[in-house]
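Both blocks below hold the same protein chain, though in two forms, and each is given as C-alpha cells: structure 1 and structure 2.
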Structure 1
C-alpha cells in the first residue's frame, strides 16, 4: 500500500507498475523491521549470504553476475532533447527513441517479481539543500544498499508532502542481459531508467545517476555544482578546521584520502583529519560569499582490494558491521571475507568472487579488482562532526588529481580560479577497473566527471567559470598526483597517510603561510616546504625534486593532447579556456 497521498508520486508508481507488471508492490518505509525481513528473504533465495555474525555483525556477501561487475560507460546515455546538449563526451539517444526502446525492455520485466518503491533523500531529509528521489526496483540487494547509501523511507515522503520535484528512478534486473543493458538519463524529465544490470554504480540510482548526472544538470540551471569529489576537514593544532574537496577519477584514491590518518609526527602536533564525504560533493555559494560543500550520501561504496589496516584503517574499521560486501572472497573456514591486499594470509578453504573453489596459490585473483563494500558513513571512526550539518562545510581548497605515471608533479597550485578551471578541464588519468573496458589507458577526464557530467562538457566548463565569478571568497585550486612512477614502474611517493604532507602544504598556501615557485604550469612547492621528516628513507630530497620536476617536453605533448580534447568537445568550449591553453603553450615556450 502506498505510503503517501502525493498524487504525482502515486500516479507515476502506478504507471511504472503497469509497464513492468510485478506481481506485487512493496513500499519501503525505512523501518529496521522491514529491512530485517528483506535481508532474511534475500538470504533464503541466495541473493545475499549471511556472514559470521559474531565476527561481522550485520554483514552480508553478494555476488553479481560475472558479466556485470562495473559501470558500463558505453551503455550509459544522456537523453537531452538535442545531441548538442549532451555533447560529444556523452552517448546520446533521442528521448522519445530511448523511452520507446527501453519501454519495450521494461514491458513485463518485473513479472512474477516484487517491485520495491524506495523513497530516498540525497542530503539530510527536509533540508533546503537536499533533493528527493524515488527508485523503483525488483532487487532486494538494491533496497539494502540504498538503505545504507541514502536516507530512505516514510520520513522522506512525509517531509516531501505534495511536492512534485523528485527524481523518478526505474530499475529492473530484467534478465541481466548484457546486450540489452542500458543506463539512461532524461535530465529534462528528472528521470533515470536502468535495465539489465545489478552492479552498484549502474543500479543504486541515487549515486552516479542522480547525485552526479542529473544533479550536475540541475546545478547548472539552479546555480550550484554537483561534483565527483571527496570532502575532508583538517583540524590544525590550534583547533581550527580547514575543509578541502578533491576530485579524482574512479578508483584513484578519494575514499583513501577522505579518511586518512596523518603520520605520527602530525598526530603528535595535534593534527586530525575528519571525513565529510568520500565520493560526491554538492557545492553551493554560502552566506559568507564562499563555496560550501555537502555530501548527499550517507554511506561509502568503496573499493575493497588494497584496503587494509595500514593503507586505510578507518575504511576497514567502518566495514566491521552492517556492511554488504560485493564480489570479494568468501572464507569458508569461518564464514568471513577476504580480498587482495587485506593481509598476507589468503584463506585456503575459500570461494572466489564468482563463487568457485579458489586456490590462493593459483595466481588468479580471488576478489574482483572492482569488488566493493557498502558501509554506513556514520560508522567511520573519523566521520566529521559536520557530517549531518545540512549546509555542509566551507571549502578552502579544491583539488584535482589523477593517476599519471609521468608528467603531473606531486602537487602544484593554479594561478587563480580560471586557471584552476583550466587545470581541472585538462585532467588526465589511467583508466581503472571501476568501469568495464581496458585498464591503465591514459584518457582525459575533466574534473573526474567524464562519465558523470549530465550535459555538454563545454557548457559544464562555462558553468565552472561563472560560479567562480560569483564566489567572493574563492577556494584556491590545486592539482595532485600520488601515482608518479620510476623507470621500473614503482610508485615513488608513499601515498596514503603520507599524503597529509601535501595537504599540509595546500592549507598553508590557503593561509598565506608559505611561498612557492612560479613555473609555466602553476606554483610548485619550494623543496623545503614539503615535510619529509621520518620518510627520508623512502623519499630522499632527490626523489622529492624528481616528484616536483616538470618535464617541458612532456608538458608540450600534454598541451597538444589538451588541444585535441578541446576540439573534440567542440563549439561550446568557452573562449576563456582556449585562451588559458594558449597562455600555457606560450609559457612553455
Structure 2
C-alpha cells in the first residue's frame, strides 16, 4: 500500500510495477522495526550474514556475485538527445534506444520477487539543498544500504507533498548477467535505470548516479554545483572554523584527508579537524554572496583494504557498529571480519570474499581490493557539529590534488577564479604499480569528475566559469600534491596527519595572513610559512625547497598534455580556458 497521495509518484510506481512484474510491492517507511524485519529476512535467505553482535553490534557481511565487484564504467551511459550533449568523455546512447533495450531486460525482471519502494532525500530533508528520489529495487541489500547512505522513508514523502521534481530510479538484480549489465542515466527525464548488478556503486542510485551524474546536470540548469569533493572544517585555537572542499582522483588519499587527525603539536595548540563529507559536495550561492556546501549523503561507502588505525583511525572507528561490510574476509573463529592492511594478524580459520576457505599464506588476497564498508556518518568520531545544518557550511577554499612524482609542487594557489578552474580542469595523476598498464602515465581527471559528469565536459567547465562570475565572495583555489618523489622514487612529504601543515597555510592565505611568491604556475608558499616543527628529521628546509620547486621543462611538457586533453573534449571547450593555457605557456617562456 502506498505511503503517499502524490499521484505523479504513484502513477510512476504502478507503471514500473507493470513492467517488472513483482509478486508484491513494499513501501519503505524508514522505521527501525521495518528495517529490523528486512535484516532478519535477508539473514534467513543468506543475502547477508549477521556478525558477532558483541564485538560488532548491528554489523553484517554481504558477498556480491564474483562477476559483480565494481562500478562498470564501460556499461554506464548518459542518454541525451544528441551525442554532443553527453560529450566525448561519456558513453552515449540515444534515449529511445536505451529505453527500448533496457525495457526488454526489465520486462518481468522482478517476477517472483518483492519490489521495494524507497523514498529518499539527498541532503537534509527540507533543506534548500535537498533533492528527492524514489528508488525501486528487488534487493534488500540495496534497501539496507540506502537506509545508511541517505535519509529515507515516510518523512521524505511528507516533506515532498505533491511535488513532481523527483529522480526516478529503477534497479533490478535480474539475472546478474554481466553481458546485459547497464547503468543508464536520462538527465532530461530525471531518470536512472540499473539492471543486472548487485554491487553498491552500480545500484545505490542515490550515490554517484544521482548525487553526481544527474545532480551535475540539475545544478547547471538551476545554478548550483554537484562536485566529487570532500568537505572538512579546520577549527582554529580561537574557536573559528574554516571550511574547505577538495577534489582528488582515486588513490590520492581523499577519505584520509576528510577524516584527518592533526599532528600532536597542532592538537596541543587547540586545532581540530571536522569531517562534513568524504565524497560528494553540493555547492550553492549563500545569502552572504559566498559559496556554501552540503554533503548530500548520510553515510560513508568506503574502500576497506588499507583502512587501519594508522592510515585512518576515524574511518575504522566509524565501522565498529551498524555497518554493512561487502566482500571482506569472514573470520570464522569469532564471527568478525578482516581485510588486507587492517593489521598484521590475518585469521587462520576464515573464508575469503567469495565465501571459500582461505589460507592467508597462499599469496591470494582474502578481501577483494574493492571491498567496502557502508557506515553511518554520524558515528564518525570527527563528524562536524554542522553535519545536520540545513544551510550547509561556508567554503573558504577549494582544493584540487593529484599524484605527481615531479611536476606539481606540494601546494600552490591559483591567481584567481578562472585560473583556478583551469587548474582543476587540468587535474591529473600518474599511474602507479598498483594500476594495470604502464607506470607513470599521466591520466587527466578534471575536478575528479571524469566518470561522474552527467553532460558535456566543455559545458561543465563553462558552468564553473559562470558560477565564478556570480559568487561575490569567491573561495580561493589551490592545488596540492602529497606524492612528490626524490630521485630514488621515495615520497618526500610524510602525508597523512602532516597534511595539516599545508591546510594551515591554505587557510592563512584565505585570511590574508601570509604572503606568497608568484611563479609561472601560481602562488607558492614562502619557505618559512610552512610549519615543519617536529618533522625536521623528515622534512628539512632543503627538502621543503625541493617540494616547492618548479621545473619549467616538466611544466612545458604538462602544458602540451593539457592541450592534447582539451582537444579530446572538443568544440565546447570554453575560450577562457584555452586562453588560460596560452597564458601558462607564455609565462613558462
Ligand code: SPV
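Definition used throughout: the rigid core is the maximal C-alpha set that superposes within 1.5 Å between two forms. Keep in mind it's a predicted model, so treat the numbers as computed, not measured. Residue numbers count along the first chain shown, from 1.
- Only structure 2 is derived from the form predicted on its own.
- Core-aligned CA deviation for residue 212 between the two structures: less than 2 Å.
- After superposition on the rigid core, displacement of the C-alpha of residue 543 between the two structures amounts to 2 Å or more.
- Once both forms are fitted on their core, a CA shift of 2 Å or more is seen for residue 252 between the two structures.
- Its Cα shifted by 2.5 Å, residue 403 is compared between the two structures on a rigid core fit.
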